[in-house]
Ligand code: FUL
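Shown next as structure tokens: one chain only, the form predicted on its own.
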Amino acid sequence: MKKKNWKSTLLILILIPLSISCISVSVGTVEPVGPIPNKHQLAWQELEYYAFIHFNMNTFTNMEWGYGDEKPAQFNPAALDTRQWAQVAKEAGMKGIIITAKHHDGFCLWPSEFTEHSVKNSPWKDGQGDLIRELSDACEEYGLKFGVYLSPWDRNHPDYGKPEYITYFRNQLRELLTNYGDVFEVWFDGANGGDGYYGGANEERRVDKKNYYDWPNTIKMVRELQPQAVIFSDAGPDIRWVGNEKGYANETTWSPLYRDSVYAGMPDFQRFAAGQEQGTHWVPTETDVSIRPGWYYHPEQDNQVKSLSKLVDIYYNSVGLNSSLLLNLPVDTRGLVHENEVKNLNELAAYIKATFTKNLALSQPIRTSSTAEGYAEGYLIDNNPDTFWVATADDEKPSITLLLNTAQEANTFMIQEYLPLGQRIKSFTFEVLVNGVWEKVYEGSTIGNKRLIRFETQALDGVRFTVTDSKAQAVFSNMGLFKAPELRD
């Protein structure tokens, strides 16, 4: 989808405090450690895994970035079926789909009234088609969330780089946010400015990344039209880029950020990609990666679909490291998710199901170093996101010990913080009990929404999780012990 330096362009400062500010509330006797997520961010965090679909003019030109001089006649999928996309995503265990409604070449997958460079002038369905409508309907049918990607850069439009283009950009954004039902995420790419067709000018155009788009007013419009939607860009305001396109979050991943400390285009973005322990605003990460080497479909990559073992590794290092996984599916020239992708996605779904269906911790004895009044150890394994266990405020290194009634083979441990009270844990250790001997197998830092720990498959008598440093008393909503199938590829 992007060149290696695509993240060094779009400038979006975190300017909308209502979406990510610390809300001063308390739950029982426990005070929150700010910042904390708002209700829309919490709903987004619960999704964890959803699809990116790159399908547009580039699919038919075999490009990643179109120049903008393509002709609508080139867009002509012979068997386009958005219901197949939705079915594939649903069976893969994904919770939603985000579609590239307009990429950098400016071609629109809906019949926008503001440009001729769209499906309305293509041979697909004799110009009567609306792919965004079809996908929105398919998502509703299959119970999936629906999201839109709209490139701020447009290499086709003659006014790009001029003030008039911002009106055009917002007009198109308004079309997408008013004509296709609820949108759960609005995705703004970081690539902006450079060479392009620009209505025949065939020149290079650069923009003032900080001021050109007037992002505060664009964000205000999104809030008015789709108040439940979270907005993605390099720096938020609701969710941020993880810092790479390989599928891996940072070992240390803080959801908080200092306002205005991170922006696209800053030369040392990686310095803050892991977030900031004392940040003032809740801006968690999203991990975006393609299931193939490219973001768009290229027939020469049909045999380069990521294997099951690679997809599992990505899952553990995104969802399992306090991030959400946005996995891209490059729909092919037929207009279908390719069968090679379908096969590997189904294998991943089966693996995840086999791993997490049976929680070995259920109905097993739990001992904690302390428990605050009004809470119970059982809240850790009741599978209820609204209940949580709390250590006492004076317990500086709280521990949770799970002792199994009989030895069980296991290789995966899961624990989650209760996000409405903030992200608290700074470091921890994890131990296993084998033949009466405790062995430390992992040391980690942050937890956040979810931490997954993999270790060697062995028969265990118990496990112990110990917080070694934290911002405040420990608060956990859920934990589990599992046995994942062995990987063979």
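Remember, predicted model here, so these are calculated numbers, not experimental data. In case it trips you up, residue 1 is the first one in the sequence shown, and so on.
One more form of this protein should be noted, the form predicted in complex with the ligand, which is absent from this view; the next part is about it.
**Q.** Contact label in the predicted complex: Glu134 to the ligand, heavy atom within 4.5 Å
**A.** No, no contact at 4.5 Å.
Q | Contact of Phe52 with the ligand in the predicted complex (heavy atom, 4.5 Å) | A | Judged by the heavy-atom cut-off of 4.5 Å, Phe52 is in contact with the ligand in the predicted complex.
Q.
Although the partner isn't part of this model, could you tell me whether Phe430 comes within 4.5 Å of the ligand in the predicted complex, counting any heavy atom of the residue?
A. Phe430: no contact with the ligand in the predicted complex.
Q | Touches the ligand in the predicted complex: Ala191 (any heavy atom, 4.5 Å) | A | Looking in the predicted complex, residue contacts with the ligand include Ala191, since a heavy atom lies within 4.5 Å.
Q | Contact check for Tyr316, Phe356 and Arg451 against the ligand in the predicted complex, heavy atom at 4.5 Å | A | Contact check failed for every one of Tyr316, Phe356 and Arg451.
Q) Of the residues Phe169, Tyr197, Phe272, Trp295, which one places a heavy atom within 4.5 Å of the ligand in the predicted complex? A) Checking each option against the ligand in the predicted complex, the one that comes within 4.5 Å is Trp295.
Q: Could you spot which one of Glu245, Glu286, Glu347, Glu175 gets a heavy atom to within 4.5 Å of the ligand in the predicted complex?
A: It is Glu245.
Q) With the partner removed from view, which of 392 to 400, 99 to 107, 273 to 281, 221 to 229 is the stretch that lies within 4.5 Å of the ligand in the predicted complex, judged by heavy atom distances? A) Within 4.5 Å of the partner lies stretch 99 to 107.
Q. What are the residues of 147 to 164, in order along the chain, with a heavy atom within 4.5 Å of the ligand in the predicted complex?
A. Contacts from 147 to 164: just Tyr149.
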